[in-house]
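One chain comes next, on its own, written out as structure tokens in the form predicted on its own.
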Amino acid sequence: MSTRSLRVTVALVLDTFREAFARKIFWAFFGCSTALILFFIFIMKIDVVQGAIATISLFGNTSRGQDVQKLVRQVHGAIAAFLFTAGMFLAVFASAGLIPAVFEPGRIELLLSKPVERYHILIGRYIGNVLVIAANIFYLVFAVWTVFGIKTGVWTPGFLWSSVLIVFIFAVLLTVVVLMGVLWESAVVATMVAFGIMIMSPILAQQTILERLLTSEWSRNVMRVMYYALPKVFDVGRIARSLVLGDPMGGWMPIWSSALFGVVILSAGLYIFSRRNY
């Protein structure tokens, strides 16, 4: 990538940040993250007995020093699970409007009149969206990790790695928003399709059970194709939880297959956008 192309992409990323600030998207996530961090600071109490034995109280549950690591991992796992479910829905919902906004009448014509390659417009907007959400997720996870580490002395690197997987699966889902934005220019349609994939993921993850319930081979094949073709939000979430809890992670297939899906869908969106007349 040339220096000029890099400058253009950075400018479009910054423009996405400015729009996220203007629409209060960034500040809404930042406020929710800060509230959750303050919640953990004030509801977690540590009592030291005889200068050695610590009793930790979280959500009304009390644990002796030898159980601290297990308790911290469980809380970290609950936060990661929340971010993979409700947090992911909120992130997709909040970000969906930023992609189709590019195609609004008057705005798209203005962008295309500039000496900018078309793919820079979508790539810059896509990267900007990912960074807006990533900044808030990393802020929340790192702050909670630090609070628990200072108060308990338990530092679980798996919790930090879970934030990377959360941002990763959001980036994959955002490629769907990009493609739907190019095809339909509608935030509603883009959101519905992304939500549909998220809802289907835990169902398709029960592949073994579904194969027993289905009565025909063609239906089993359809189910297998859908499972391997679509991003595995639920399975990546399980991997993140395993990292947090220190359990065996299993295979990497859900990660690399989801990444492949994202590359294909984003490439399709860029190709269609490059060929479309406005």
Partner chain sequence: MSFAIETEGLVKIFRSRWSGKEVRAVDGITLSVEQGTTFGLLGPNGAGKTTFVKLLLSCAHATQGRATIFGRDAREAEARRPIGYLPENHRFPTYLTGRSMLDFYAALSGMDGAARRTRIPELLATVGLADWGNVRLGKYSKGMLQRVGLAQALMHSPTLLILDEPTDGVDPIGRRQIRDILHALEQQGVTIFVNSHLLGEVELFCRDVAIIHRGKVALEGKVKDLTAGAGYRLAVDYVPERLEQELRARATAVAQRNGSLEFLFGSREEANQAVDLLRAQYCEIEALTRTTSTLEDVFVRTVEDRQ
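If you're wondering where the values come from, they're calculated on a predicted model, not measured in any experiment. Numbering follows the first chain given and starts at 1.
Another form exists, predicted together with its partner chain; not displayed. Remarks below refer to it.
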query	finding
Among 193 to 201, 133 to 141, 162 to 170, 118 to 126, the region lying within 4.5 Å of its partner chain in the predicted complex by heavy atom distance	118 to 126
In the predicted complex, the one of Val147, Ala81, Val154, Leu183 near its partner chain [non-hydrogen atom within 4.5 angstroms]	Leu183
Ala11: touches its partner chain in the predicted complex, heavy atom cutoff 4.5 angstroms	yes
Ala22: touches its partner chain in the predicted complex, heavy atom cutoff 4.5 angstroms	yes
Residue contact check: Ser113 to its partner chain in the predicted complex, 4.5 Å heavy atom	yes
Within 252 to 278, the residues that have a heavy atom no more than 4.5 Å from its partner chain in the predicted complex	Ser274, Arg275, Arg276, Asn277, Tyr278
